[in-house]
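Here's a solo chain for you in structure tokens, the form predicted alone.
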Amino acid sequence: MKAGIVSYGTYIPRLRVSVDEIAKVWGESPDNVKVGLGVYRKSVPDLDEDTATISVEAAREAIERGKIDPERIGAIFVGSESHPYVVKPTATIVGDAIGCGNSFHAADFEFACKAGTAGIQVCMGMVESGMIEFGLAIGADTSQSAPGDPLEYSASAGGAAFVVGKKGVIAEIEETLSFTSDTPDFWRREGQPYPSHGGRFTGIPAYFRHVTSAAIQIMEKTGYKPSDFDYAVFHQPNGKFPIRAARILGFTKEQINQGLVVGYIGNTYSGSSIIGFSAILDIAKPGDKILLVSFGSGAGSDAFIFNVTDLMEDYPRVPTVWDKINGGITVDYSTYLKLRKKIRLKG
């Protein structure tokens, strides 16, 4: 048995703010924004929620579902661009919170929105080499956006965690590869509260080049074509890009609909593609083949081919990602600003 996903968990904050609410404040047409971005509302982290708490909750769900002994987890990698500390790892917080003991590798990854899938690849390599029995890879973010910036309509919060191993695999990793280049489409310098982006430049030279290239290369390497896959999920910075990427590559809307979550929770950055992947795992059947392609600005894409195994039949999958998406409490724009600390007390 190859390495693969043994268990998974997700966490999405319950608070939501609508695109209509944001657009109203900035004098934009809500309909134009919703049509242009394909986003209707997004998740908002509460005052006591950050990348660490999101990671812990997603990890706890993964461990509980898979009945994993935390002390058998030999590595924890947390991918995010909004770690709560600049110097102090989130991975050690997660390890202590879930009871891993002290004998495990720990590191934080940062590669914009693909840091979580990078963690899956590293865990896969360590498991395949025999260094560890199980690895825990997490992608989570509480993404930043300046008031009035187009990113404010989509930048949200959430995460997913995956236990990777060779025992009890529910989704085997058949193949993975990465496509990477130095494409400066999105960045945030040290000390800056909000990121900058290259506007339209983030589209064709960055997102579409990397996502389609990674997908094409992994299909060429394995000899598969789009019709061989039951499901596909691509990074979701908005609701339009993944649909267009699927169309370019020859995938149907039916293949991507289940994992297309961005319209209702926004872009969870490092959690984006893997929350969508988790939504697919929620309904996947033994024998299903899934293509996952992440994207991180700067820029790179990780592509994976997963084969769902017979063990998925008995795997507990409630609550589902869509159960979590359909819940939620709506807040107004001023509350959203307070929660995201865009309104700061003097002194």
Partner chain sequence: MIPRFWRKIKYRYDIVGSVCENCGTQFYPPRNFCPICRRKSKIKEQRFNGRGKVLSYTIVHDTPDEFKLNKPYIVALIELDDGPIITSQVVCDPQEIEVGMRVVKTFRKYFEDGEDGVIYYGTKFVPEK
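Positions refer to the first chain, counted from 1. Source: prediction; values computed, not measured.
Keep in mind that the form predicted together with its partner chain is missing from the display, and what follows is about it.
The candidate stretches are 54-62, 305-313, 29-37, 292-300, and the one lying within 4.5 Å of its partner chain in the predicted complex by heavy atoms is 54-62. This chain is drawn without its partner chain; in the predicted complex, the residue among Glu110, Glu175, Asp96, Asp149 with a heavy atom within 4.5 Å of it is Asp96. Residue in contact with its partner chain in the predicted complex (any heavy atom within 4.5 Å), chosen from Gly198, Pro205, Gly125, Pro84: Pro84.
Taking non-hydrogen atoms only, Lys341 approaches its partner chain to within 4.5 angstroms in the predicted complex. Contact check for Lys24: no non-hydrogen atom falls within 4.5 Å of its partner chain in the predicted complex.
Taking non-hydrogen atoms only, Asp46 approaches its partner chain to within 4.5 angstroms in the predicted complex. Although the partner is absent from this view, Asp288 stays clear of its partner chain in the predicted complex, with no non-hydrogen atom inside 4.5 angstroms.
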